[in-house]
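So this first bit is one chain, no partners, the form predicted alone, shown in structure tokens.
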Amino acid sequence: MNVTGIVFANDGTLGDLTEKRTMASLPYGGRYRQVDFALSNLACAGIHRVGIVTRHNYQSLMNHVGSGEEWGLEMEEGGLEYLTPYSSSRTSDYRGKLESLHAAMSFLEYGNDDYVIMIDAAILSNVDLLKVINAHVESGKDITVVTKSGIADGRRQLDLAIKLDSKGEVKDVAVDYAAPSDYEASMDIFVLSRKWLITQVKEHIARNLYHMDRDLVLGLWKKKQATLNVYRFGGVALCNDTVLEYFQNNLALTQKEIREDLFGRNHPIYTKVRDRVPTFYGENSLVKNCSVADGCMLGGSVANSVLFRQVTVYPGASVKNCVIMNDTVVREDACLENVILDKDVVVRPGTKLIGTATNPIVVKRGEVV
């Protein structure tokens, strides 16, 4: 069967971290961008026609993904397309995913693919999408939603929450709801018939309905105009909706089971190739329980942290529980704890930055502190 992939890049919601980049291009885990997970999931399922829906600050995303060569998306029979506001005459404010799909209608209508799979770049996971697609076809339902248990806790507000009965059938659907623990949380991965989706997008937009979760999934299910199938994912799913979640989900990579699930559960996670020399560990350096990318120069003490490419930590400096992005320099006798440093930051000698585990300090790209 032929499948078209749609990736929603999302606008920035993480303050300074996404001030000049989309969520999709936000660096993660030392070597990656968040979009790498969505693109790798699609590519490893044999989906080679992919559209990336993005509206603002997408230059870094385009610089990273390029033609999609690392994911096999530059091939003639498929291809990658950036679905930006400039690809259509519609320039009104974004109100929902259905509106974005309506603006990208020419992409959806082109070709003869049977299905569309939509995936959000803000949720990081290693999902076998072939199993998801096959489960959708076998179910005979209109919409398949990939869900994750253990996220709903009665406090966290979920975009889409689904409760199943004892037979695994959908019993209740709720939107923007702090669902109790017996609900499944949507991972924002949907599979639908392409022709059916095109019809529904046009019908909904014509009636000023533009939300994917509220208007299409909940609305049609509640009116018994669409059937829902739920694919329950058993692996790790990390959602970076807040700065704290981004901080915690990076540091989670210091745990072996998290690393192995995200990067080796079903298939590799591909990213743009940037070869660097191996990391240099100085004679007096002390590095413990860290995820360290290539090209770093480490002379000080680093613990429980994630270091991206070409980070320099001078002798006498102390780094603990930190996320430090590319080309950042931490000078002599600086002390950092619970800090996120964006790219190209310079920390002066003797500087002390001490955040907390629930309120990390964020330093903008290119700042000198």
Partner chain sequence: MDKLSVPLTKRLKELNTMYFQKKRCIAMLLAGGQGSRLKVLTQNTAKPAVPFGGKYRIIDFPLSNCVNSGIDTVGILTQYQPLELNEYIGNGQPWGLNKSQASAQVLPPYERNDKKNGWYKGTANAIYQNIAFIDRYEPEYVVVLSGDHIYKMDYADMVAFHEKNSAACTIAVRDVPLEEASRFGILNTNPDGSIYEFEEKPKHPKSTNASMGIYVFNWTILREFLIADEEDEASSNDFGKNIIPNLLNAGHKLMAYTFNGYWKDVGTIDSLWEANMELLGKDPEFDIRGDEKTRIYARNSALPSSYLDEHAVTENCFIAEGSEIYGTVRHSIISTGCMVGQGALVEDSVVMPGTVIAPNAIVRHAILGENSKIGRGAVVGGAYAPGEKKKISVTGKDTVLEENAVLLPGEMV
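Residue numbers count along the first chain shown, from 1. Here the structure is a predicted model, which means the values were calculated and not measured.
The protein also exists as the form predicted in complex with its partner chain; that form is not presented, and the subsequent description refers to it.
Item checked: 4.5 Å heavy atom contact, Tyr58 to its partner chain in the predicted complex -> The answer is no: Tyr58 has no heavy atom within 4.5 Å of its partner chain.
Check: Quick one: is Gln248 in contact with its partner chain in the predicted complex, heavy atoms, 4.5 Å cut-off?
Finding: Contact check for Gln248: no, nothing within 4.5 Å of its partner chain in the predicted complex.
Checklist line | its partner chain contact in the predicted complex: Asp294, any heavy atom under 4.5 Å | finding: Although its partner chain is absent here, Asp294 would touch it in the predicted complex, with heavy atoms inside 4.5 Å.
Margin query: If we define contact as a non-hydrogen atom of the residue within 4.5 angstroms of the partner, is Leu130 a contact of its partner chain in the predicted complex?
Written below: No.
Note to self: To test your reading of this chain, name the stretch in 332-340, 25-33, 48-56, 316-324 whose heavy atoms come within 4.5 Å of its partner chain in the predicted complex.
What the structure shows: Partner-contacting stretch among the options: 25-33.
Checklist line | its partner chain in the predicted complex reached by all of Ala174, Gln200 and Arg214, non-hydrogen atom within 4.5 Å | finding: Checking in the predicted complex: none of Ala174, Gln200 and Arg214 is within 4.5 Å of its partner chain.
Check: Here the chain is shown alone; which of Arg95, Arg207, Lys222, Lys256 has a heavy atom within 4.5 Å of its partner chain in the predicted complex?
Finding: Contact with its partner chain in the predicted complex is made by Lys256 alone.
Checklist line | Interface residues of 276-311 toward its partner chain, as seen in the predicted complex [heavy atoms, 4.5 Å] | finding: Heavy-atom contacts within 4.5 Å come from Arg276, Val277, Pro278, Thr279, Phe280, Tyr281, Gly282, Glu283, Ser285, Val287, Lys288, Asn289, Cys290, Ser291, Val292, Ala293, Asp294, Gly295, Cys296, Met297, Asn304, Arg309.
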